[in-house]
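Before any questions on how it binds or moves, here is one chain, the form predicted alone, in structure tokens.
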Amino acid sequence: MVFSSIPFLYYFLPCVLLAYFLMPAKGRNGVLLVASLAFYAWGEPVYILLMLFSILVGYVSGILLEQSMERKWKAITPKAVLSGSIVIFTGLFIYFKYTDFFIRSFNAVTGTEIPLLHIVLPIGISFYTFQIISYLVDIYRRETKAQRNIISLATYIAMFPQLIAGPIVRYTDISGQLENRKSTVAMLESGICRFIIGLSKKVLLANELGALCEIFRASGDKSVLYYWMYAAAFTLHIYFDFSGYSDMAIGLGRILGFSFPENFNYPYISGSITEFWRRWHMSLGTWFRDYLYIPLGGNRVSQVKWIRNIFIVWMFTGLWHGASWNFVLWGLFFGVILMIEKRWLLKILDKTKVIKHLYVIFLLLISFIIFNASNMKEAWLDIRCMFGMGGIPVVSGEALYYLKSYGVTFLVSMIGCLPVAKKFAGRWQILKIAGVLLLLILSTAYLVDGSFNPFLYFRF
């Protein structure tokens, strides 16, 4: 089940909210947990067992870790408990997400033909695995206490608003809210508006831009212009798809009384790639910073080790997004640019106004071409064709046709990447409410008409 569907919007969600608000405060975590497990089982009933196993291991590991830190058992050290737990969760994560990737890579290098296992990737495993690991590490760092109530911990791990595609919520951010929260009128209003805005991003913009990308891939009339249109369409598509889901998750969280962290802050207005990654998928960036980059030594090491740390973090950032070498290249692409910026380029960019923004957009277009390629060969071909090295014309009739057809969609999408609408809505509350209602009606109409695509980040 996904948020941008009629069954979720008009059947599942109303029933859950009715049961949730009719239940006394002490029982709401139970309602939320049952709803979350039902939401997850709707699409993947088999992997509900993996979810329950992860919850149980996380619960037991947290208590064992805390007790070992209190020296209740001399034979078991906190580091051993933490290491063992991380091995279990990363082992499951690697098995489900990367086994076939390793087999394909081994076959390519050695020329062998080991058959693939064709393991189905459990939806959301990249997100809830990181949440459990951060919970255990924070206990080890004495930043939080182990949760003794398994219902509360299970609610945190399986919470359906952010289970499938984030944001990555740390236990320390909502531990207090798990035990005591209130859904105020202001939070309800804010949450509903935020959810509908996210829904409209997904349905009205991301789906349309995604359709153009599919049309491009199937086209036999490609041109240089068409490749650049495709790059722009996918760059806008992935932003509205992922930020739309994050908006819906944050909005649902507010309705339920939770305050989830922001995940996007208008990243396409950035003046450097460094700034871009402070604005894009912020919960993932801070996770890698706090649980990988800083433990490796961060930038407080020798230059050689600092370069090593950057490459490790960005290699894993790429791999986190997908089990393919183009994702690794995508991550290392940003790692190299960030090193160059931090060493000398940022000082030059700070002196410019328009150029620094054009520089960021250009690099993002190239990066997302790599990101969306099915393999390295396709990524290289796409980049060559963008620069007229693929033996294709500069302009084609199909490119001009779809440029005209999607001109309004491109224009609205580009405006939507700017904080203009947010500033406008803050000044005109009545128009904001009317606009949100209109967006809900339009989004519903599109969904009824069948204009629906799964969220891109579900595959991560």
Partner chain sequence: MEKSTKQKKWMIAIVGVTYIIIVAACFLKPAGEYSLSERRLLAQKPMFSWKSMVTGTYAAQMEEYVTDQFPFRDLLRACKANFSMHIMQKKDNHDIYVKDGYLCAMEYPMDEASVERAASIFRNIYEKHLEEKEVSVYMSVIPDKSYYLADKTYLSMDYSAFLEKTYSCADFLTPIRIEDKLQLSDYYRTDTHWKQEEITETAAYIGKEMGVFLSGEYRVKTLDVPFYGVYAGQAALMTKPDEISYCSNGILDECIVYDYENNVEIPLYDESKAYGRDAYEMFLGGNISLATIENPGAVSEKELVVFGDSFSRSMVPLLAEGYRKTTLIDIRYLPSAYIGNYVTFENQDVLFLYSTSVLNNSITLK
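Everything numeric here is computed off the predicted structure, so don't read it as measured data. Residue numbers count along the first chain shown, from 1.
Here the subject shifts to the form predicted in complex with the partner chain, a form of this protein not shown in this document.
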query	finding
is_contact(F21, the partner chain) in the predicted bound form, heavy atom dist at most 4.5 Å	no
Close approach of E66 to the partner chain in the predicted bound form, 4.5 Å, heavy atom	no
Contact flag, G30 vs the partner chain in the predicted bound form, heavy atom cut 4.5 Å	no
Interface membership of G391, the partner chain in the predicted bound form, 4.5 Å heavy atom rule	no
Every residue of T99, V304 and V313 near the partner chain in the predicted bound form, heavy atom within 4.5 Å	no
Sole residue of L319, L346, L188, I133 within 4.5 Å of the partner chain in the predicted bound form, by heavy atom	L188
The partner chain: the contacting residue among L418, L52, I433, V395 in the predicted bound form [heavy atom, 4.5 Å]	I433
Partner-facing stretch of 163 to 171, 294 to 302, 191 to 199, 281 to 289, counted where any non-hydrogen atom is within 4.5 angstroms of the partner chain in the predicted bound form	191 to 199
Heavy atom within 4.5 Å of the partner chain in the predicted bound form - qualifying residues of 1 to 33	S5, I6, P7, L9, Y10, Y11, L13, P14, C15
